[in-house]
Each structure stands twice: as structure tokens, then as C-alpha cells.
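Have a look below at one chain only, the form predicted alone, in C-alpha cells format.
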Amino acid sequence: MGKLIDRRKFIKSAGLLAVGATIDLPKLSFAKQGGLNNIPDLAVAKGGTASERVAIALKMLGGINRWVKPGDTVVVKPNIGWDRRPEQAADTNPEVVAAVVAQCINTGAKRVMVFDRTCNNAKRCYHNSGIAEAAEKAGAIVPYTIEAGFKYYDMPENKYLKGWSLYRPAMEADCLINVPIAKHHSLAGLTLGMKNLMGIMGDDRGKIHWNIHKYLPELAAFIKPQLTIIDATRILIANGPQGGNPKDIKQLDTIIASPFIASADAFATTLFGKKPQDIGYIVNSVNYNLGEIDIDKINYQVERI
């Protein structure tokens, strides 16, 4: 897979920096050869508490200090889009968000911010999801996104998405950690890591859905989150992205983590009994150096707690 690139340096160098049931995973008990110093490119942790899953997944990847350095400003970007309770599996699990924040604080981050541009009322989403309270208790700042914080970025290397208004605090952070929930989406098929990045987009995001499978890989390639941690504590298997019916929820107590967003998304399809080839934006991601999407070729490791 491609070399890890510092996203903030990349943007700056381009002149763009603004002042229930369980489902069995593919069977593999240890990492295949070929990762960074034999570190896997993708880690899966199952069972235990949210904090244990996050800690073990990050340990398998070499530790959070691969991406977060003392004094860094870090953005932890969960899905807080919907006015739903944690048990409804429409937003990222608050315990997972808190665990990621705590990892960043403990490794010396100067400032950790947690936010999302919500679809429902922001105050209700932040409160009822449980994310605002959990993240603040873990040491994060949890602001609402404000219109003045968005800036238009040209994306000259893209073929389809030539530019968009993005949230500057996310783009300018030393480290952006993408923490989506894994769930069904009525249009995209599944909403995972690449889809979650729409939460830092301004303007009329509905237009992205017109060509979503071509736009999402280009969005991810431009934003370049350093790390994607997919929350599959509970997954929504139907009627996403909002859900609401308990029958649509499965409890998996799983975390999938990788610096390669497409690999994380590809592996997450297996939680739904699908293949990466079933999701258009994952298929199209192969042109953007976002990671291996062939499950048989991904260098991954699974730990059961």
C-alpha cells in the first residue's frame, strides 16, 4: 500500500491550508507479512468494552503515537448526524468516541476537538447521542460547527469533485481521526469511513448524493484523514441512515481501525454479509491510493478480547 502522507503538510504544500447477533469475521488469527515493520495495515478488535477494543486495535497498529504527537491539535470526527440515542445505532457510540479522545489526551495532545455538521438539530443530536457528554468527560472540546468556519477548497487533481467548502478546524488540525459508525444507507448502500467525511462539508451536501460513488473517494483523497476507526458496537442493517427500529440493529462489539480508509471500509462490508465490490464508492477508491480493498490481500489482524 501507499506510503503514509502527512495530510496537513500535503494541504499546505498544495497551497490550500487556510490561515443483537454476531456475524463471523474472515478467519485470521495473526497478521499476514508485509505491513510496516510487520505491523498490520488494518486491525480488528472484538469483545470487551469500547475502551478495551479501541486500545487493542490501536496497539495492533503500533500505538496512537504513530499519528498523535505531544502538543498536537487533534480532531476526532464521529457521526453525530442524527437525533438518536446510542442504542439506536444511528450515531457513533459515545463510549468509542470517549475512548479515542482519551487515547489522544494520554499521548500528549494539546487540544482534542469533537464535532460534526449534523442533519437534525445540532443541540439535540449532540445531547441525545451521548457524544457531547462522553467526549467532554474524556477531555475534548465539543463545539458546534459554525458557518464562519467553512472555507472553499479547490481540488484540482480531482476529476469529478473539483472543489467544496470544508470545515477549517478539521482541515487544519495536526491529526484528523475519522470515527464513523458502520450502518446501512438507503442510497450509498453502506455509510462507513468515506461517507462520514461528509460531516465536515459545508453548502448543500445533498448534491454529493447525485454522484456519490464517484465523489466520495475524491473527497477522502483530498481530506486525507490519518486514521479511520469504524465503530461497530452496534450496526444498523436496514433503514439507514436514521434507523429507529430495534429489529434493524445487531450488536457486534467490534472496532475496525486502519490508516487506509478504503481498506477499513472494504473490511467493514463483511459485517453486513457483503463484499467490497457491492459498494460503488469502495470500488472506485482503487484509483486514489486509499488502500487495498481486496479482503484476501489486506494485511490485517484480528484480536478477540
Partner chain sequence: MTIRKVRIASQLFFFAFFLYLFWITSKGAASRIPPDLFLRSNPLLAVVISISVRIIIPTMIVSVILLVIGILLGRVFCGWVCPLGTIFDITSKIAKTPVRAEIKKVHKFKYYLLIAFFIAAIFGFQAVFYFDPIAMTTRIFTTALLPTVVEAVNFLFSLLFNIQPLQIPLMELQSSLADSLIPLKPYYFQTGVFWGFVFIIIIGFEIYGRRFFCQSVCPLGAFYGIIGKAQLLRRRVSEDCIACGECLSVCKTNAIAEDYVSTDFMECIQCFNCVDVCPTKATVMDFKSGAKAQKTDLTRRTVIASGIGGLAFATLGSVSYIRPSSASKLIRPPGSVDETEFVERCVRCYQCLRACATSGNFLQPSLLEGGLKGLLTPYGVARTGYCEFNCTLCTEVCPTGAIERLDLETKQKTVIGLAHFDKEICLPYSKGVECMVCEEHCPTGDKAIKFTEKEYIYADGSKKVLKFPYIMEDICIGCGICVYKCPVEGSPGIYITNQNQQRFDGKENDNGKQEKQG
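Positions refer to the first chain, counted from 1. Everything numeric in this text was worked out from a predicted model, so none of it was measured.
FYI, the form predicted together with its partner chain isn't displayed, but the following is about it.
Asks: Given that its partner chain is left out here, which of 113, 221, 105, 201 has a heavy atom within 4.5 Å of it in the predicted bound form?
Replies: Comparing distances to its partner chain in the predicted bound form, the residue within 4.5 Å is 113.
Asks: Hey, in the predicted bound form, is residue 72 touching its partner chain, heavy atoms inside 4.5 Å?
Replies: Outside the cut-off, so no.
Asks: Are any of the heavy atoms in residue 139 no more than 4.5 Å from a heavy atom of its partner chain in the predicted bound form?
Replies: Residue 139 lies outside the contact set for its partner chain.
Asks: Does residue 95 reach its partner chain in the predicted bound form if we count a contact as any heavy atom within 4.5 Å?
Replies: No, no contact at 4.5 Å.
Asks: So, in the predicted bound form, is residue 84 in contact with its partner chain at a 4.5 angstroms heavy atom limit?
Replies: Close contact exists here: in the predicted bound form, residue 84 approaches its partner chain to within 4.5 Å, heavy atoms only.
Asks: 165, 273 and 291 - do all three of these have some heavy atom no more than 4.5 Å from its partner chain in the predicted bound form?
Replies: No: no residue has a heavy atom within 4.5 Å of the partner.
Asks: Looking at 221 to 229, 180 to 188, 96 to 104, 154 to 162, which stretch has residues with any non-hydrogen atom within 4.5 Å of its partner chain in the predicted bound form?
Replies: After filtering at 4.5 Å, what remains is 180 to 188.
Asks: For the stretch 146 to 174, I need every residue with any heavy atom inside 4.5 Å of its partner chain in the predicted bound form, listed N to C.
Replies: Going through 146 to 174 in order - heavy atoms within 4.5 Å of its partner chain in the predicted bound form - the hits are 146, 147, 148, 149, 167, 168, 169, 172.
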